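The form predicted on its own is given below as one chain in structure tokens.
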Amino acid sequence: MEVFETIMKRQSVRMYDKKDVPNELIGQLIEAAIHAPSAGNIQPWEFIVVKEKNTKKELSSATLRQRHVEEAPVIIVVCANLEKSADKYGDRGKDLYCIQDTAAAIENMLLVATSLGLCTCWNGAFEENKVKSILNIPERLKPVALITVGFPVSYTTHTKTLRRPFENVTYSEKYGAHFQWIEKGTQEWRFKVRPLEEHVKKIKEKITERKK
């Protein structure tokens, strides 16, 4: 699956087929995660793979009883090693860099899951101390997210949430100076007017022409 296509297809899904997710696929998700960028190449991420039914039920209680956390075949708990980042970057490493790094690792995981035909949900609403207690997580680690993973339910369709147009959230040179698209006829060119596939095709054609 093309990278851009995968990005556009990815969405948060909270209903899963009951069949198990093979360990080989879980391994691919984590392999993708560890190839994310990290400050100083510290790689502060650590992962806990949860399949045991009772543990998932306990984790669900720590997420304000979100049912999909209990019902998902797999939960990958992503943790940030605060000490690793703090040793090199002090408070900024502990409070910011390790969170950025693990977030990048999580996004890699979600995109690869999509390309493999899996569906996921990034869960950040949970009682941190309760999760640490359930999973015996040491003090130096901070649980950042509970990623639920499973195969999609065949009879269920999911509608991807809308995104604000990029020109509404992008500024030129300084904040407040509105970004002007480089092509003329911006409104006619927008993705909402022409199918995304046509835009991807045009971009590929331009790249091919430049290579020639």
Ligand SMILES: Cc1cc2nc3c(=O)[nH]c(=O)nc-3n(C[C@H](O)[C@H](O)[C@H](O)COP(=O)(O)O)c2cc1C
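Here the structure is a predicted model, which is why all the values come from computation and not from measurement. Residue numbers here begin at 1 and follow the sequence given.
Beyond what is shown, the protein has a form predicted together with this ligand; the following relates to that form.
- Scanning Gly117, Pro138, Gly90, Gly124 against this ligand in the predicted bound form with a 4.5 Å heavy atom cut-off leaves one residue, Gly124.
- Residues with any non-hydrogen atom within 4.5 angstroms of this ligand in the predicted bound form fall in just one of 43-51, 62-70, 23-31, 166-174: 62-70.
- Contact annotation: Ser154 falls outside 4.5 Å of this ligand in the predicted bound form, judged by heavy atom distances.
- Counting a residue when any of its non-hydrogen atoms is within 4.5 Å of this ligand in the predicted bound form, the hits in 6-35 run Arg10, Gln11, Ser12, Arg14.
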